[in-house]
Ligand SMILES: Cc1cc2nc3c(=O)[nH]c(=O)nc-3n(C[C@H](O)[C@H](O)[C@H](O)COP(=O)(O)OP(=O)(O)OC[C@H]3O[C@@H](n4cnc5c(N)ncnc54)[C@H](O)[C@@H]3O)c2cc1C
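Presented below, as structure tokens, is a lone chain in the form predicted on its own.
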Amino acid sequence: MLYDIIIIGGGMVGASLASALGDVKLRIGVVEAVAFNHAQQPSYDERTTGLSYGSRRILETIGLWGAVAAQAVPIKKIHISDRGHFGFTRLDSADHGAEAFGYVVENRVLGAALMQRMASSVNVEVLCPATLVDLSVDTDAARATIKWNDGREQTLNARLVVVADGQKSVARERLGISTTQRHYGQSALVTTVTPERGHDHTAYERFTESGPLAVLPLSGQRCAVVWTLRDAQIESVLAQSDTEFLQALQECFGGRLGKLSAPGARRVYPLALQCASEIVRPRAVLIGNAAHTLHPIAAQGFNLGLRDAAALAGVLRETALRNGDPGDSRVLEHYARLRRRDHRSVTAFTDGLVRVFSNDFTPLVLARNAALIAADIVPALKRAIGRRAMGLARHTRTRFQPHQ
């Protein structure tokens, strides 16, 4: 089977790229191992994603925002605090002339929009459920061997393979691309709660002894919770009854939203910083978590991956317009140059926050709390933090434009 582009991984980043290229004269195959409507589909489950305002712009450009807007809960205010200390920062999107800093969207909602878009794109073929068996590239083509659920194997040939199959990427491994990792000794516990008081479209980021605790607004006055805990704490927290869990969460978060109730299912995800040693080589490019996996602090991960997809779509559109080769090394090196600053900046930002706010060294505690106060009262600093939260900092700009 011959394609122009094979995308390995039909999760949110891979599907976003396919959607962005849905009207280009390129034949695209999307290989995904788990059926999209399956309960075990990891990308489109009951978890939520924090979309920055900049990501909304990308989804608008792709033509996807209209399908998720009605169920996207805006984040109009942000409250940042350091548990047990004096520092805090409050941000309001109205001060930035924007409707919201970002939005909280349930993964299944975004997934449904992506699936519908791919299904309606005549140049996109979804190969699912099928697993990758082998992958190789040479100067002329990329070759992928996939295995269907019934045991059949099939070889796919393409001018470019896009690796978008996540942190534990099989495709990256088959290409022999190494990664560097830093394990934080932390895991993220994800759940939902219903607060006694309305959330007022406020996102809370509270730094604690075990790591950051994020409480994000959802529909129906519910809140999504992403609680970073030390690995040694996880088993005991999972073993707690709902009453015990709510009591521990309440003690950590405080009483800003009143009494917390109605906890949802608790899921745990180990946390690490992981970066691929290279993101492009002739005929191959890595995007999303296959290229870089971040700590969930400040909700940067998917937004960074979506900017990967948008930037790559822009480069491939320009290449298609001049009938160029999408897998040409010059095309892919150009993409890598476009993304280098954003990757480095966001990686350093998230890793730095984890290090600074996980340290109990007294001078550092005083310095970070002074910084939080400064961010709350110094207009220029407040604007800079707000633009970063909105995904509108200079390093986040992409060049994707749809055909008119």
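Note that residue numbering follows the sequence shown and begins at 1. On a predicted model such as this, the values are computed, not experimentally measured, just so you know.
Below, we turn to the form predicted in complex with this ligand, even though it does not appear here.
- The partner is absent here; in the predicted complex, the one residue of 236, 131, 123, 157 having a heavy atom within 4.5 Å of this ligand is 131.
- Listed stretches are 257-265, 148-156, 185-193, 328-336; the contact stretch with this ligand in the predicted complex is 185-193, by a heavy atom cutoff of 4.5 Å.
- For a residue to qualify, one of its non-hydrogen atoms must sit within 4.5 Å of this ligand in the predicted complex; all three of 14, 170 and 296 qualify.
- Among heavy atoms of residue 50, some come within 4.5 Å of this ligand in the predicted complex.
- Not displayed here, this ligand is approached by residue 8 to within 4.5 Å at the level of heavy atoms in the predicted complex.
- Of the heavy atoms in residue 164, some are within 4.5 Å of this ligand in the predicted complex.
- Although the partner is absent here, residue 226 lies within 4.5 Å of this ligand in the predicted complex, judged by heavy atoms.
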